[in-house]
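One chain comes next, on its own, written as structure tokens: the form predicted on its own.
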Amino acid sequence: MQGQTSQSILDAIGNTPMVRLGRIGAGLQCNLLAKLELHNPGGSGKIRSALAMVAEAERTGRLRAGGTLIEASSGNAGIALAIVAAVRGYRCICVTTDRQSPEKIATLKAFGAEVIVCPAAVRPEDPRSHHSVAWRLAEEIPGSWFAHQHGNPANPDAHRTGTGTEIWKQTAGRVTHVFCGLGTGGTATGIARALHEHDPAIQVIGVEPAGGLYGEFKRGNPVPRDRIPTHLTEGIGEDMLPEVLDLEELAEVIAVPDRDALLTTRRLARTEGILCGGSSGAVVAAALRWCQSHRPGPDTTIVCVLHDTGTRYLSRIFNDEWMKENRFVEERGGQTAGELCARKRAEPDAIPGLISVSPHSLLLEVLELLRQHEVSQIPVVEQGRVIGTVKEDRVVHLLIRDPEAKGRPARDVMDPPLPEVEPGASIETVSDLLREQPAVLVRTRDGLDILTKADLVRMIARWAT
């Protein structure tokens, strides 16, 4: 048949959309883009490498008609291989872990795959691990072929000829940075190889869960053999170093806590209309954190690779009860000033401790602190006691009219101290005080802390995600 008709679903692989993240990236000077790999057949970019690996196995005779595909997979690669097997007429066995969502297991079965679930909290060499079980099945079942995405060179090559080349074309060669989740590392490695053929200066930055191993390997640090990742972000992070991952191709590896990854995933759905998985949320969270520290300008074009669809995580990431049970989403009401301070200090870009000055600090020093930490007020402390507050607008107003005032002490321009509350004070109390004051001091166990209107805005934004 002529025209636009494809011969099978496999012909629809690739050429996925590139879109601008205009709302989640609001305020950034750079171009923040998303490569929507979730628009591939099967809902993930793994279909690219699945087809490439099967085609290579067929070409070399390792996979023949009536054979069996076997893979150790966190879900997406297994789903992709199950689709290829369905179209090509093979039996498919996916060996996965008990860390995967119910939707992934159900999807595997929907495409006709046989699913074996193994414990996640064991080392790869343990005979119970999904890697060991997959290898054993490949040895025991006649006519079987183990795809072995972790060591199959067709995996990264599919992304070198496909994903990476598409990114270069879709950005008209203007791409400067790519953020990509690290599972097997095949996607990131392939993209990096493709882009570095055009411009070796392009930075491909790998993203893994907090507590992951890849960053340690990248920095050359020893990794204990008994270290087992415990993250809840699916699809990225491994308990070993895959053969297909070329860390030399990556500029750096950024680790993202589960909470940041999953809340960013929900934000993508509710602000950009993109329903994606947790690894994609981790990628965007890493890019936003990188932008905060590097402050890229309009000449920077960042591409975030969004790996898979969010429909596989409806019972988890997009389930409020599951998120609350795992302490990723706070209940409305009931928070105290001390709890909010603790959460604020746990943020990756948090200012370490309370910024304060003495009454003898010169206004030039005060101005530099205001600029450096992007705060609007600084408490004035003398002998452990808060005696006043220096506010940004008053300092700026004075120095514009009298530049020589930069040598005057903070005591000359300070306002009365900010109101102070105990750590058990309710958020409602803090909110009432902030109607009249720019900030409130909180006397916690670790000393003084400060809450501003911006802190309450961030808290309310978390409620909304």
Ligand code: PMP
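Just count from 1 along the sequence shown to find any residue number. Everything quoted here is computed from the prediction, not taken from an experiment.
The discussion below concerns the form predicted in complex with this ligand, not included here.
- The partner is not drawn, yet in the model of the complex one stretch among 162-170, 115-123, 320-328, 184-192 has residues with heavy atoms inside 4.5 Å of this ligand: 184-192.
- Interface residue among L268, A285, I236, A158, judged by heavy atoms within 4.5 Å of this ligand in the model of the complex: I236.
- Against this ligand in the model of the complex, the set K35, W290 and T301 makes no contact: no member has a heavy atom within 4.5 Å.
- When contacts are judged by a 4.5 Å heavy atom cut-off, D308 counts as touching this ligand in the model of the complex.
- In the model of the complex, S279 approaches this ligand with a heavy atom inside 4.5 Å.
- Although the partner is absent here, Y313 lies within 4.5 Å of this ligand in the model of the complex, judged by heavy atoms.
- Contacts between 36-56 and this ligand, taken as any heavy atom within 4.5 Å in the model of the complex, involve only K46.
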